[in-house]
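Quick heads-up: it's one chain on its own, the form predicted on its own, in C-alpha cells.
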Amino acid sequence: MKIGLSRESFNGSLKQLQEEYRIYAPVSMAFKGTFSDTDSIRYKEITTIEEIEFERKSHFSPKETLLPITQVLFYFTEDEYKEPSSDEKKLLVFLRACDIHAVKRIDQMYLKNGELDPYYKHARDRVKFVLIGCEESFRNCFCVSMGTNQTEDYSIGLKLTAEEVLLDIKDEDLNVYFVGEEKEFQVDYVTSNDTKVTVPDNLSGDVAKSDMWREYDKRCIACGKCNFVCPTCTCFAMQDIFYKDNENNGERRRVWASCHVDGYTDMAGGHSFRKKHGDRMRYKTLHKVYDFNKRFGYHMCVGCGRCDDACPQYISFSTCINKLNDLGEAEK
C-alpha cells in the first residue's frame, strides 16, 4: 500500500505506535560531535518525525538498537544465576538501505554461524524496519560499489517531501496505523557515489604479506573508532563485574570490542597477536572484503563510509580496498 499523509497525521500514527513499539531513528545532538561546535548524529528513541535527521548521514549506525554497547547477560551469586528481565516491547527502526544490508551481516554472525545468540535473536524477533530513501549520496559513501544502495527488505519505505510523508507499507500489521491518500511513488535510492571502489576478486592469502600494510603501522593510532561506527563489526568482550558489597555477587556483561585496540588479541600466558597497527588494519580489511565473502558468499562491508568519516588520522578504508585491487592487478 502506497499512501501520502501530512506530517501531523504521521505524528499521530507514531503516537499510536508508541503503545506497542519503541521507535528509534537518527537524531542530531547539538554540540555533541568530535569538536565543540559540531553535532553528533546517532540513534535515539523518538516521538515525532521532526526529531529525525534526514539531511545528514548518522555518525553511528543503528546497530546499537539491536546490539547494545554494553549488555548484561546474567547476574550471579554464590549459588545461582539469573538473566535480567527482557524488554518485550517491539522495535521500529528508521534506517538507510546500506544499514538494512548491514543487519543481514549481523544476522549471519549471530544467527547463522553455529549456535544462535539468544539475546540478539530476542531483539531481532521484535524489530521492524522503516527504510529512509537516499535522494543523493553522502560524503565517503560507496554503497553502489558494494551493491547495498537499494533494498526491498523493509516493512515501510519512506519518502519525505515538503508537503507530505509518502509511505510504501509492506507490513500488513502496520497498515492499520496509517491513513492517507493512495499515491504512486518510488522510495529514493542513489545510483552513483563520488567514492568508488573495486573489490578485487582474485585475492589470495599472499596479500597478507604485502608491504602495503606497513603504511598503517604509524598512521593508525589504534583508537578503534572505525570499528565502533561500523554497522557490521560484531566483536565483543566479556566482563565479569563483582559488586563491592559482596564480592561473590555480580554480573556478566558483554561490551563492544575493537580489533584495532590494544589488548584485543591478548591470551592466557601473555600471548598477543597483531601487535603492529598495520597488521590490525590488514586483519579488518581482509575480513570485510575477503574472508567473510569466502565463507558466506558476499562481502561484509556495506560501503556506508562511516569509518572514513570517523578516522582521526584520515585513513580511508575505501582507498585501502582500491590499493588491494591495484595489488591484485599488478600480480596478473
Partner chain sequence: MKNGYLPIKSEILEIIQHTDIEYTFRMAYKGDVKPGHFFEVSIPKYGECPISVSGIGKDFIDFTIRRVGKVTNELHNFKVGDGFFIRGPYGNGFDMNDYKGKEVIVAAGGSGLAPVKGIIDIINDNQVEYKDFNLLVGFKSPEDILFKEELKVWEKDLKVILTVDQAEGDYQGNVGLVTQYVEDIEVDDKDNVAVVIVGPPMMMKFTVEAFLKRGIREENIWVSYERKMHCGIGKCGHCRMDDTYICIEGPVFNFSKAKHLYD
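Quick caveat, the model's predicted, so the values are computed rather than measured. Residue numbers count along the first chain shown, from 1.
Separately, the form predicted together with the partner chain exists; it is not shown, and the next lines address it.
The stretch among 191-199, 173-181, 227-235, 134-142 whose residues place heavy atoms within 4.5 Å of the partner chain in the predicted bound form is 227-235. Although the partner is absent here, Met109 sits close enough that one of its heavy atoms falls within 4.5 Å of the partner chain in the predicted bound form. The partner chain in the predicted bound form comes within 4.5 Å of no heavy atom belonging to Val165. Although the partner is absent from this view, Glu115 contacts the partner chain in the predicted bound form, with a non-hydrogen atom inside 4.5 angstroms. In the predicted bound form, the partner chain lies farther than 4.5 Å from every heavy atom of Lys275. With respect to the partner chain in the predicted bound form, the three residues Asn248, Asp266 and Tyr290 uniformly fall within 4.5 angstroms at the level of their nearest heavy atom. The contact residue chosen from Glu88, Asp211, Asp240, Glu152 relative to the partner chain in the predicted bound form is Asp240, the criterion being a non-hydrogen atom within 4.5 angstroms. Only one of Arg282, Arg42, His299, Lys57 lies close to the partner chain in the predicted bound form, with a heavy atom inside 4.5 Å, and it is Arg282.
Contacts with the partner chain in the predicted bound form, taken as any heavy atom within 4.5 Å, map within 61-97 to Leu73, Phe74, Phe76, Glu78, Asp79, Tyr81, Glu83.
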